[in-house]
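Taking the form predicted alone, here's one chain by itself in structure tokens.
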Amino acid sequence: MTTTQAPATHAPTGTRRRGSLEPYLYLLPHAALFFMFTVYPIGYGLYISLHRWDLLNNTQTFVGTEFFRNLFTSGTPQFEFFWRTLWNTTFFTLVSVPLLVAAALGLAALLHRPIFGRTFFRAVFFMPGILTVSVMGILWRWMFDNQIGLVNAARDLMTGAPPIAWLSTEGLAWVPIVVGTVWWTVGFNMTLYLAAMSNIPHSLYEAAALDGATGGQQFRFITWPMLTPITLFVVITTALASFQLFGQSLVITNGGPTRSTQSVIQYITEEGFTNSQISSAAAMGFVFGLMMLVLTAAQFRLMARDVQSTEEK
């Protein structure tokens, strides 16, 4: 018995071509905006960094990597101030990130419990995050003012001690910046941790309680391992945000005293718009951007390994 096979049908050529192009048409708006606001500015910034850019001159002289070499040549102002402000920014990041992660995790652990008024307290800790950096900076500058600040007034009231020059003393000037930043941004990380904690199955805690595990043991062996992925996200985003320090140091201390709290982005802005060295500022921006890419890749690699090992367990 023979069977006849139905002839294969082929879609019209126009239909196939339209079907193959359709996904790209959906991507076209995003691709156009991406090239317009990301690729083109990066390419144009690289072009500026390779020329001696003068806004009052129509002819821009090509100088190659001169402005990049200045950043790695000892004795140039760019070398001195760029690396000094980069260290300032790194110091701020090393201090603020652990505080922001630990404070957010602690607040989330407290407010995840069914306590009275927890919704109110969640809102209280989150609300500072809606303030602009200028409002936040003015508030904490006043709090730590050398003469009339609330902190010095409280010290005088309680101990009669003389006022401390917080804003004009190297080292101490970081205190209002760090404390103000933690107060300003801890609510966002707290909300992320609260959302992650709500997704942990309650049956794990019930089983641990039946086995006699204490609250601390439950946090150590259940909560903390289950929070590893969100901790990865919090650490990376907080570190990147800390390296972008600008408004806090500008408003609270204006980078002083003697540039001890000036951030690298603040110095790049000064170089470009105050000193009118646009090409030098563009070169600094590229070097700093590459450092951030390397830092992000390293953080993902190290912490993703921890996430994978936790999932395997």
Partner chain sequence: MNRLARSLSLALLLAGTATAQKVSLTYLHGFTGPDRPVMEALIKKFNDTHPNIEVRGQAQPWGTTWQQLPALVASGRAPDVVVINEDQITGFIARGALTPLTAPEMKTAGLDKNKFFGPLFKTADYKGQSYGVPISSVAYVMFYNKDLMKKVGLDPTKPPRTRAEFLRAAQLCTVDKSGKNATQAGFDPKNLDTWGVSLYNNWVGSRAAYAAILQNGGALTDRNQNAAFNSPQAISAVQFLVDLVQKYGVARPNATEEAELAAFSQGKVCMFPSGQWYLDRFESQKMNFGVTFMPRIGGSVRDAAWGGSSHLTLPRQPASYSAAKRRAALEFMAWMAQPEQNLAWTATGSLPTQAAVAGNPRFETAAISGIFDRLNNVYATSGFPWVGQVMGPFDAAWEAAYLGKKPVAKALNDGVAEANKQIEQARKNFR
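Residue numbers count along the first chain shown, from 1. This one's a predicted model, so the numbers in the text were calculated from it and none came from an experiment.
Not pictured, yet referred to below: the form predicted together with its partner chain.
- In the predicted complex, its partner chain stays beyond 4.5 Å of every heavy atom belonging to residue 122.
- Contact check for residue 247: every heavy atom lies farther than 4.5 Å from its partner chain in the predicted complex.
- Interface membership of residue 142, defined by any non-hydrogen atom within 4.5 Å of its partner chain in the predicted complex, is confirmed.
- Mapping the unseen interface onto this chain, residue 65 falls outside it, with no heavy atom inside 4.5 Å of its partner chain in the predicted complex.
- Taking the partner from elsewhere, no residue among 106, 115 and 242 has a non-hydrogen atom within 4.5 angstroms of its partner chain in the predicted complex.
- Stretch-level contact analysis of 145-153, 185-193, 98-106, 210-218 against its partner chain in the predicted complex, using heavy atoms and a 4.5 Å limit, identifies 145-153.
- Exactly one listed residue, out of 90, 237, 134, 168, brings a non-hydrogen atom to within 4.5 Å of its partner chain in the predicted complex: 168.
- Residues 256, 257, 258, 259, 271, 273, 274, 275, 276, 277 are the members of 248-285 with a non-hydrogen atom no more than 4.5 angstroms from its partner chain in the predicted complex.
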